[in-house]
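Subsequent text provides structure tokens for two forms of one protein chain, presented individually as structure 1 and structure 2.
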Structure 1
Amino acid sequence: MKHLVKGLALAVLPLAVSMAWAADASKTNTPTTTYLQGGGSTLAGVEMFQSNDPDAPPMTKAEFDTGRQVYFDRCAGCHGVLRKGATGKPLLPKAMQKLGTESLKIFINYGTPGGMPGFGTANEMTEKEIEVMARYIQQPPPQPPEWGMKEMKASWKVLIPVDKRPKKKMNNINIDNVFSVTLRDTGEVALIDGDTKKIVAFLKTGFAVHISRLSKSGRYLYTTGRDGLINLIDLWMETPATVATIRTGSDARSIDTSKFKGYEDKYAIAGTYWPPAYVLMDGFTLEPLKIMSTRGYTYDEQEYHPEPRVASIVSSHIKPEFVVNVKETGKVLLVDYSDIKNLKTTEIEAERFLHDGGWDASKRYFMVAANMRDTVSVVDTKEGKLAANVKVGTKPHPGRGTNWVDVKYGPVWATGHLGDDRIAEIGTDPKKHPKEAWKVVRWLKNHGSGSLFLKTHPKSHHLWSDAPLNPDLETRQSVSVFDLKHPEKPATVINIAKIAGIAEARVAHPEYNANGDEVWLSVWGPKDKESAIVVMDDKTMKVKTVIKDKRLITPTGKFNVHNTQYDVY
């Protein structure tokens, strides 16, 4: 049986990667699911879903609705709303029908060697839900509604107008060292004072907030939920609170704000997975100003793609530009916000499928992972063109990556990988180190594959790297710490979950404090069990504090105000 699973998986879905294993299980625990768990139905007298594909297996309307919700929560991030594939393989009806319900159930239950989790073996889906999903993906994908200016304006709320906000900082918090922590499964962020380690506020946000970003001034914090809900949080208030919200679409991952001189805090930009677009907004109120679709042609095959999703966005410090990465077309857009009525964009052919990335230390070059092509694309934002496509390891996943000066090769930016246990150091100084520029100059060995994030800091000579998606428990609970003065030495491996005294958790997303002498790590437990944040002393690699609170549920990303504001990583 094991062989059959492996064989099928290798043949059909070898590259599918999903991180949706952590999706909110309660979302599927609807009355519909309870009905589904109740066992098979004879379907007599049950309202059926009217599929327009005669070859698709029958489903009741209730089963179809469950399938749609589960697909959105757990599958769409990797396979796409229209199922044309990206990080995961395409799941188009004809190919799925060819495989048939029984084979599909095996994939969903056991996962694939390429990285798709076993939703059955991990207790993420019941047997009945797996059976429903196996039939659901043989149906033509339903297209969610569009979301234009009318819908955005209707969703837009200014809770505290600009003239009613404080004129100066009203609290005693050192906001430079506040951490905004994603509480993935409660739809909240926790703001934690990095000096005192006390929780300042829990703020309601969108569903499974993806990232937090800071305005240039450091006063405003922006979050985006996977459901497209943006929160604008004012850190100057006595207790920091949300002052405006808007829904920019129904599926989203990215947000940033204008950082060029003269435009500080003026504009915000949010990218959406659905509808595939980005929207420019007033930075102080979130009023939507302009929506730009990203539908179009892939850079290489010049095939029309109906769903080119906006992945990472960064904000230039050297030009009035946002860098917008379009996943499925493999294009990087430099969006000039100096005149948004006559918007100019530079469209750069990079690689597919663009995902996450960050600046090199000079903040001229943007480094972005095209994870399914094992490539890091380097964009020269000064010249407005592609500097290089660098081949790295299997499925690079840098987060924003991290920068340091290699003892031999000069300035480098680095990424870890989902698909192997190496960290690739890429030379980033074409002036002083032209031979090393845009080449992998050194490989470091992480304690395992399944790495998502890594960090060092200009004041540190340590590099911290996680492996939260590794199948081995001990590995995903641990981090590697490298001594960058001696890169030839193996890393020190520390089990962070053990330090927190939490058995059932994975450890993710190292983030430095503003001073660069502490590293914060998320001990990310299941949503009904304990989680924690562990604060490590960077120099001694010993624990400083374990932050626990019963409201600290499923912490994942952590964003230090200072480091995020100035793009220090």
Structure 2
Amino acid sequence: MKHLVKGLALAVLPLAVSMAWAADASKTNTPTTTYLQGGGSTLAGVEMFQSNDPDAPPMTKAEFDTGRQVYFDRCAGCHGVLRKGATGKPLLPKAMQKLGTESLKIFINYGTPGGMPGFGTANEMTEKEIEVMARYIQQPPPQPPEWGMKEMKASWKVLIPVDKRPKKKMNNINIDNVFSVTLRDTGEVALIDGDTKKIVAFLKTGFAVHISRLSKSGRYLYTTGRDGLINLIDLWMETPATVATIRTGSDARSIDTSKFKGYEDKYAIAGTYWPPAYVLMDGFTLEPLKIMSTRGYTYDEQEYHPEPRVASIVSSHIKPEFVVNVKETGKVLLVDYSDIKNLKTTEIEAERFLHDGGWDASKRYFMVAANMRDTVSVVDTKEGKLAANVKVGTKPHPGRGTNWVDVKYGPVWATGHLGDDRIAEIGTDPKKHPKEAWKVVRWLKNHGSGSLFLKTHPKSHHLWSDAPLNPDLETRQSVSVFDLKHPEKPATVINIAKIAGIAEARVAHPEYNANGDEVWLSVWGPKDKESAIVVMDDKTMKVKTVIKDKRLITPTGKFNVHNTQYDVY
């Protein structure tokens, strides 16, 4: 499913209370059905799911509930709540019925070269779950409930009021070099001291935290789970802890905080996949202040879309603005938070299926991948307009991307790709390098397709790139390391999983420490298998530390406080 799904994806809850719905679904066991010749059916007395599509294959209610939960966990992030497609292809009932259950089982089990992981070969779905999912996606998609201010305020909790929080930092941790590590399948983050490599705390969060973001001051850490739950974590406490929570919807991906001078830490903003909207909140308490729907018309065909999801958000350093990217309609919104009672928004037509992105080195231009259009859109946030649409490779997926100065072409920003094994360098300096600006100036060859993240650092001359969604085991366990002083040289390929001594795992998300001399990588095993964090010496490309703990379950993204606070990538 990542096309039928991206393994870092999730998304949708179709009953009144989102996580209660998901929890109920997870409690149901898929019955084993045995068909006997003669006599009554063994399904006599079993409650069946009543589909309104006569061509959909039969399912018991328990099977349908199981399918709904697995789709939430693994599929909806790429294919959409209503299954209309985005990063992944549409999964609409008639097309799925035409493919048939047996063909769908093959896709789900083995994945595709375009970036969809093999959920069977990676031991992320059982044979029975694959068979259930092959029938589930032939059913009409259930629609989740709406989620408004009443529901948000009912979910909002201030666990420690602002006046009860420390007036100064109460611990001896070097907060600048702390890593917030997503433990995807347990709904937690692990805070790890980057100096000592010791785990500071495990904190319960939403399910499958997509990102961790830092306040401008660096004191507060914000996480958003894919189930819409936001945690506000105070890093000044003796042991860092959650001080406020809120649920902004039933499916979410993005969060950031105000960074412009005079508004430091004042506001937080979160984007939701369902309902499709963004929410402005008090930055110190998470009190919801304003909800803005993103439902509307696509920029190009001017057709109404019921599910334009907020895919990524960044905070401007040069204006009191949030940059909000709306996936399905292809619009970038510059949201002026200087007066939220009289909110002013600049709407920029970019390209459809906007996903992840990040700043160029100057922090004037925002670079965002429109992955199903094989394009990177460049937004000039100073002028408030589209600077360019740059054609790149197949299904770009940059994370936040990464910046360096190419030895020949000057400042560049780069993205890897889900659908091919190339890395595209895009020129980003229209003033001093106008001929190279907003063009792919160089292609680097990754060790495989299925890349999710790549990273370098201003103090490094290496570029690290993963390929965790590649169908080949050796490829998805390895990283490419490029020497940026000699970009013509082939990359050094290192199997990080073997260094960790873990057989069944993907390797994902290179992240530098604050000093730029270490690279941290997630060895992401199945939920019931071993995982680890591997710390590599950036200069020598040799292992420094392998962090293992039985509580480090399904680690994915890792966010260094300093680098995240200052948008260093």
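The term rigid core refers to the most C-alpha atoms you can superpose between the two forms while keeping them within 1.5 Å. Everything numeric in this text was worked out from a predicted model, so none of it was measured. By convention here, residues take numbers in order along the sequence of structure 1, the first being 1.
I want to make sure I have the labels right. Is the form predicted alone structure 1, or is it structure 2?
Looking at both copies of the chain, structure 2 is the one that matches the description.
Which of these, K167, T540, K261, P145, is right at the hinge when one rigid part of the chain swings relative to another between structure 1 and structure 2?
Where the rigid parts turn against each other between structure 1 and structure 2, we find P145.
Can you give the angle, in degrees, through which the smaller rigid part turns between structure 1 and structure 2?
Between the forms, the smaller part turns 11 degrees against the larger.
Angstrom displacement of the CA atom of L92 between structure 1 and structure 2, core fixed:
C-alpha shift for L92: 3.1 Å.
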